[in-house]
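The data below hold one chain only, encoded as structure tokens and taken in the form predicted alone.
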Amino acid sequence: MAAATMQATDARVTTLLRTERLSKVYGEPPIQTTVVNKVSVEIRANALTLLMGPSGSGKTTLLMMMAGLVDVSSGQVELFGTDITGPEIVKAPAIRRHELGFIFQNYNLFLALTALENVAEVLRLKGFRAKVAYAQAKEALEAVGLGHRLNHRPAKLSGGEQQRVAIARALAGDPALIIGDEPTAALDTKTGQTITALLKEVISPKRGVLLVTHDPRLEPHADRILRIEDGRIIADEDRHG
């Protein structure tokens, strides 16, 4: 495994991700919009962290910069000990591929593939051989309660089941950090609570979960809540203990 990933394994026991005065500005002077404004924060393992704020608060942009999917205007993002905004930015794709799992609001499943194939194909992209990929995909789907739906395509699955497939896909390959962008927004209250409880169960001393949301139904499950308004973190509520 690459040196960057080995470094990630050592660092992920505590701090998985760190930002330092991170900003995103669109436009040129004199007409500029600051979407994220000098955010410094750490995301740790063994916790379900919520990044909460109203629409337009900058939470999704911040999440995308944290994952190295959106360029930063200034500041630093450190993933598992590697600064992906500096000279080591070339390592970002490998770190994302092996150490991050993504859950999207609209599931982003391949409609022509079964649940098993949706998860296995992600593992194959990570370099797993087909036999191993399918075995691990089956295990991941069973872990989220879909062992009986392996061969169903998304059109034959409920919204909650599709989100479970998305979670299984995010968990496949044992990433250190699971990131979700509004993963319960399209779900009813009962299904959303079930999905959030499931995500709570997967945290460990070597894994954390970070969810962007404006859904207050998730708050009782959180270990930590970061509240963002106008691009700034205005509150950091640590609920451990």
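We number the residues from 1 along the sequence you see. Remember, it's a predicted structure, so these values are computed and weren't measured experimentally.
Keep in mind that the form predicted together with a small molecule is not shown, yet the notes after this line are about it.
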- So in the model of the complex, does any heavy atom of residue 182 sit within 4.5 Å of the small molecule? yes
Evaluate residue 105 for contact with the small molecule in the model of the complex, applying a 4.5 angstroms cut-off between non-hydrogen atoms, and reply yes or no.
yes
- Query: How about residue 58: is it within 4.5 Å of the small molecule in the model of the complex, going by heavy atoms?
  - Reply: yes
Check: Can you check whether residue 35 is within 4.5 Å of the small molecule in the model of the complex, heavy atom basis?
Finding: yes
In contact with the small molecule in the model of the complex (heavy atoms, 4.5 Å), from 200-208, 184-192, 47-55, 170-178, is stretch 47-55
